[in-house]
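Encoded as structure tokens, the following chain is the form predicted on its own, with no partner shown.
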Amino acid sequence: MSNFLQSVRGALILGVVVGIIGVLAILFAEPFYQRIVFIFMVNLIAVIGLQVFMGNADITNYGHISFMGIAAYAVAILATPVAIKKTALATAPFGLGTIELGLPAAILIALAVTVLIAFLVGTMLVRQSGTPASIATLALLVIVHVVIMNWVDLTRGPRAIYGIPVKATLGLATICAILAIVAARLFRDSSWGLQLRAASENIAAASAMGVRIKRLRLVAWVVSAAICGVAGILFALFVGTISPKSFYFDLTFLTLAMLVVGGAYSVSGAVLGSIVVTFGFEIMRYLENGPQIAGLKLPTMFGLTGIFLGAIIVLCMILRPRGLVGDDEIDEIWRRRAKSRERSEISAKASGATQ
């Protein structure tokens, strides 16, 4: 019970930080900056979903954004008003062009479809390890993108689906991000998470101890997909229009950079990396347009954001291979340092008493 409470307490510390960012943006930020913070929350949820599988199974996952796309398209197809579908999705199969569901039902079905696809894919993917598994996740990303691009009757192909109800708010996104943090931390500190990380260290030893590696990987994979699905649904219900390019390589590498920079092996790393990369990315995007600073007109530098992402990943791999946080959560680091200070104080008092 004490471990559970420590996990919840540690998750809530991160949740408070994220909550403060969301509340400050709601109360004081202009709509443009609120939009940036909303996208940050969506990306944060996707990064947390990525961490659940990649950080515990120690398998690089390039396919997590595909589940964002599946959930986003599912909720868009189900919740878009029929009046708009008559022009946008007039030839949709399975009678979907004549169906309009309420948002609660559309969201639940979208998540169910995402989880089902994740389960079916996961039963095959978890049989692989290392590089083959990573290549399989990359193949998943490409396959989902190709299906979305070519199933024109259902997805409109390369054209955007529009008319999606704009119902998501920054407050809702903030709450979902906090819940995702709690869920990821509880999974990380659970017996499943501990066994999965032990298996990533030594598969043979874990198997000999009776750890069901494939089953645990499948659980982590499905939980990861569900969290990423939530991010996709929020994105669709906030932007109101989606297209295949919204869920492909650009977002894949951005979220991977966030996790790598912060540290893939802890939820704290996912949160910290998302904050650092988002802040740096927005600064680079501002400088990219050639702004005037202190009377000095800077030149236009297109591609600066890409250079920033590449540079920060390279620097992190050189200077901090395990990320800014490393393998531990922030609250664990604080407790360890507090105990170290206590031991130092006790040792100092003891040495003073003997003199």
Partner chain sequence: MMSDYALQQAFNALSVGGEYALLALGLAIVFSVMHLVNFAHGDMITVGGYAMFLLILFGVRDPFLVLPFGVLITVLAALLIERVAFKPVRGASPTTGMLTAFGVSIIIQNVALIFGGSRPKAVQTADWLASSLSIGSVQIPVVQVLETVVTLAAIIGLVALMRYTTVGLAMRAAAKDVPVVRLMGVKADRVILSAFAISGFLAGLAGIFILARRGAVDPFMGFAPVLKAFVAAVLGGFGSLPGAVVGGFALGIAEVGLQVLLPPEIAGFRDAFVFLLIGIVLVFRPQGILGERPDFGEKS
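Positions refer to the first chain, counted from 1. Since this is a predicted model, take the numbers as computed values, not measurements. Rigid core here is just the name for the largest C-alpha set that superposes within 1.5 Å across the two forms.
Just so you know, the form predicted together with the partner chain exists too; it's not on screen, but the next bit is about it.
Novice: Where does the partner chain sit in the predicted complex: which of 199-207, 236-244, 71-79, 109-117, heavy atoms within 4.5 Å?
Specialist: In the other structure, the partner sits against 199-207.
Novice: Pick from L154, L103, A136, I99: which has a non-hydrogen atom within 4.5 Å of the partner chain in the predicted complex?
Specialist: If I apply the 4.5 Å criterion carefully, the residue I get is A136.
Novice: Exactly one residue in L125, L251, A226, A168 has a non-hydrogen atom within 4.5 Å of the partner chain in the predicted complex; which is it?
Specialist: The option sitting close enough to the partner is L125.
Novice: Taking 4.5 angstroms as the cut-off for heavy atoms, does V147 touch the partner chain in the predicted complex?
Specialist: The answer is yes: V147 has a heavy atom within 4.5 Å of the partner chain.
Novice: Would P93 count as touching the partner chain in the predicted complex under a 4.5 Å heavy atom rule?
Specialist: Answer no; every heavy atom of P93 is more than 4.5 Å from the partner chain in the predicted complex.
Novice: Spell out, yes or no, whether the shortest heavy atom distance between P158 and the partner chain in the predicted complex is within 4.5 Å.
Specialist: Close contact is absent here: in the predicted complex, P158 is far from the partner chain, nothing within 4.5 Å, heavy atoms only.
Novice: Does the 4.5 Å heavy atom contact test between S129 and the partner chain in the predicted complex come out positive?
Specialist: So S129 counts as contacting the partner chain.
Novice: Within 60-74, which residues come within 4.5 Å of the partner chain in the predicted complex, counting heavy atoms only?
Specialist: The stretch touches the partner through T60, Y62.
Novice: Comparing between the shown form and the other one on the rigid core, is the C-alpha shift at P31 2 Å or larger?
Specialist: After core superposition, the C-alpha of P31 moves less than 2 Å between the shown form and the other one.
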